[in-house]
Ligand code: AMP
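In C-alpha cells, the next block holds one chain alone, the form predicted on its own.
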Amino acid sequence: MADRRGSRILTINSGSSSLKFALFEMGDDEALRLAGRLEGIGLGGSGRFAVKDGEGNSLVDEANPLDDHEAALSRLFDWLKGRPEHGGLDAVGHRVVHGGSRHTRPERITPEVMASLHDLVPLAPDHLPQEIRAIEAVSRAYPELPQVACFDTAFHRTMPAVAQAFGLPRDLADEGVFRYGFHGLSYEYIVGELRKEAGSAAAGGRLIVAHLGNGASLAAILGGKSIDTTMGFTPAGGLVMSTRSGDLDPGILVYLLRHRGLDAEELDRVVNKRAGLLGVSGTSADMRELLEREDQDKHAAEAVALFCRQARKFVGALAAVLGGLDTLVFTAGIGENAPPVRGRICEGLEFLGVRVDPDRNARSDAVISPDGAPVTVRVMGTDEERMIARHTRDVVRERGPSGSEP
C-alpha cells in the first residue's frame, strides 16, 4: 500500500447530525492535508460544508442542504475527487463509537464485522446507525478501498472486571450491560504523546486524563492502560456534559416513566439532548458562553459550578483507584481552552498534590503546575483523527491492501 509519498488515509468521524473528516499522508511526518466538517445533516436547509488545508487555510465554506449522511458523503467525495490531494486514496478509517465486548482492537471492515456492528446498534442507537451508513457509502463510492473500524471503546477493555461491573442481575451482564467507557482514541493518543513529551516513566505512571469537550469523561490510566473511566454503558454516563445528564439516580428515570409518562424516545431526549449544561443553565450548552455570562446569570453560574465540582470529584475518585496521582492531563475543547474551568477543577485537590500556577494556566502552557509540584498538571491537544489514521495504516499494512497477508 505504501510508497514514497506515504499512505493516503481518509478518516471519517460520524455524529448524529455532523461528520468530521481528515486526509492524512502517512509518511514519516504523518502530514495532515485536509480537514473539514459537514454540519446540519438532516436538519432541513441548514447544512454546511467546510474544508481547510493542512495549514488551516479555508478551501471551501458553503451552505449545503444535506438530507442525510449519504448525501453528505456524496458531497465530500464529489469535491475530494477534484482535488490534487486525493491522488488515489489508500484506505479509509472510521471512528466507531461502540465495539461491545468483542472488538478490542482496530479491525479491517469485512461482511462479518458489518454484521457485528448491526448487532451492536441497541448499545449505541444514536451513533452506530450513522457510522454504518458512512461505511456503506464509502463502499459504494470506493468499492475496492480498504476500510478500518477504530473502536472508541477498545482502549478500556483492559479495565479489571470489577471496574466494568454494575450492581445489576447477572443475566443483564451476560447480555452485555456493563461499563464500556468511551473517548478511547483520545486517551490512547494522549498516552502516546505524553510518552514523547515527558518519557516512558510519566506515560506509565499514575495518570488521569480529563477529556472535556461537548462529550466529557475522565480515565484512570496505569502503565499506559485504562483501569477505570467515568462513562459507562453509554456515553451519557459519568460527568455532566453539554447536553447529556451524566450519572443519575436510576430512581429519577423510574419517576419520569411513571409520573411524567415519558416513553423511551422522550426519556432519551431528556437525558441526551435537554440535560447537562443546557438543562441546568436553561440557555446554552456552550461553556464559553456560560463563562461569559456567569456574573449576570445565576443559572449559567450554577451550570459551570456543577461541571467543575463533578470533575473535581471524579479526579478524587480515580486517584483513589490509582492509589495516588503523578500526572493530570486536561484535553479536548474545554480542557484545552478554558483556564477558569481547569483552575476551579483543581481547587481543593491540594491534598493529592495538585497545584496550578495561575499565570501558566491563564496562558494554557503545556505544564500549568508549579515547578517541583508533586503532581504534574498538563494541557495537551488531542487528535482522534490522527489516531484513526495511524491505526488504519497499520491494520492495512498487516494484511495487505487486498486483505491478504503481505
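From 1 onward, residues are counted along the sequence shown. On a predicted model such as this, the values are computed, not experimentally measured, just so you know.
Not pictured, yet referred to below: the form predicted together with this ligand.
Only one segment in the set 294-302, 311-319, 105-113, 206-214 has residues whose heavy atoms sit within 4.5 Å of this ligand in the predicted bound form; it is 206-214. This chain lacks the partner; the member of 190, 124, 154, 287 within 4.5 angstroms of this ligand in the predicted bound form by a non-hydrogen atom is 287. Interface residue among 224, 129, 333, 232 relative to this ligand in the predicted bound form, by the heavy atom within 4.5 Å criterion: 333.
Under a 4.5 angstroms non-hydrogen atom cutoff, this ligand in the predicted bound form has residue 338 among its neighbouring residues. Within 4.5 angstroms of this ligand in the predicted bound form, the stretch 151-174 places no non-hydrogen atom at all.
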